[in-house]
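Only one chain comes next, encoded as structure tokens, the form predicted on its own.
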Amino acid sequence: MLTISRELVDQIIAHATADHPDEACGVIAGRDGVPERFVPMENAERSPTFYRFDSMEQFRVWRDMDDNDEEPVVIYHSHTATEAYPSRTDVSYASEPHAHYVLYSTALAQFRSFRIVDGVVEEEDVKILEPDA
């Protein structure tokens, strides 16, 4: 199960909406599997059907996480015309076995999370922590 704050969910949705009609992408860094720090990244493909992290930006982000004793807890991207489910390409590029892969569909307003390990996709429940009123 992915447990994530409403603030982080809203940041993912805002990034996806701002980059539409292109796919948005990024990570949420954290420690011990807890998502904490939103890191929007640029889709190097600038495409409505595909995303790819810029290799230099990814190097800097992963180095920064390492320097802060963080890990990529969530790797997210958006789908602009389809449901929030990993494509074959998404699955083939999934290289962080401990990460939650979050997809947000701007077409359907769907927010879903998956574990992708060795090409196997498993959807997981998402628990959104609402701020204290």
Partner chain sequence: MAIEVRIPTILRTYTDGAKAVDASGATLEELIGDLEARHPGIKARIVDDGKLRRFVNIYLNDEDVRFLGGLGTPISDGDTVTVLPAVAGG
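Positions refer to the first chain, counted from 1. In this text the structure is predicted, and so the values were computed from the model without any measurement.
One more form of this protein should be noted, the form predicted in complex with its partner chain, which is absent from this view; the next part is about it.
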Notebook entry, point to check: in the predicted complex, does Arg52 have a heavy atom within 4.5 Å of its partner chain?
Noted result: yes
Next item on the list: Please check if Asp32 has a heavy atom lying within 4.5 Å of any heavy atom of its partner chain in the predicted complex.
Entry: no
Check: Do Asp19 and its partner chain come within 4.5 Å of each other in the predicted complex, heavy atoms counted?
Finding: no
Notebook entry, point to check: Is Arg46 a contact residue for its partner chain in the predicted complex, using a 4.5 Å heavy atom cut-off?
Noted result: no
Margin query: Whether Thr106, Arg112 and Asp132 jointly form a contact site for its partner chain in the predicted complex is the question; each needs a heavy atom within 4.5 Å.
Written below: no
Check: Taking heavy atoms and a 4.5 Å limit, what residues of 77-112 are near its partner chain in the predicted complex?
Finding: His77, His79, Ser87, Thr89, Asp90, Tyr93, Ala94, Ser95, Glu96, Pro97, His98
